[in-house]
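Okay, so here's just one chain, in structure tokens, the form predicted on its own.
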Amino acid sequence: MSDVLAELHAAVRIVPDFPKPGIMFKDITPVLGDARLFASATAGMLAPWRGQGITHVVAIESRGFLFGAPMAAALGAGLVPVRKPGKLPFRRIREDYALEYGTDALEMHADALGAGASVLVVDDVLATGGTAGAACTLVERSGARVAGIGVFIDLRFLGGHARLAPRRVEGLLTYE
């Protein structure tokens, strides 16, 4: 593991029993609070997607926004927020999904993407793949193509990769 990846791993705070008992929450706020580590995290997440023809970054509420915005700017791509229900002001499409600890839904503006768009879906953590899968479904329903999914933390032991197959998934930090 590179020194930068080791530093990023060390900076992620593990919070037991949050948001409910039995979950070992990976708190990324120490990474976000350190300008150098945040820049390293963003650069590392961005690296696999340079030169891939990405036209839009779909960032998932809320921590996906933190990584998605600088990644979109660096790629010269548009930024499309995917939000929880009731947060977007225009005509929306919606996708319901299961989380590792409950259920939820995501919405995207119906006119945010279209045929020919090549989309990178960005979030902070990939767990069971429910949230990323719902975002991918929204992208595909809009007529766009999912080029891949980029995440800061990949919790491989929860099976998100299998659920998202055959889509390309790139995680910066991996927990087996």
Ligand code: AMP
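Since we're looking at a predicted model, the values are computed, not measured. The first residue of the shown sequence is 1; numbering continues from there.
The form predicted together with adenosine monophosphate is left out here; the points below concern that form.
Remark: K26 counts among the residues lining adenosine monophosphate in the predicted complex, judged by a heavy atom distance of 4.5 Å or less. A residue is said to contact a partner when one of its heavy atoms sits within 4.5 Å of a partner heavy atom; E107 fails this definition for adenosine monophosphate in the predicted complex, lying far away. A residue is said to contact a partner when one of its heavy atoms sits within 4.5 Å of a partner heavy atom; T128 meets this definition for adenosine monophosphate in the predicted complex.
The closest heavy atom approach of R63 to adenosine monophosphate in the predicted complex falls within 4.5 Å. Remark: of stretches 51-59, 139-147, 117-125, 32-40, the one touching adenosine monophosphate in the predicted complex is 117-125 (heavy atom within 4.5 Å).
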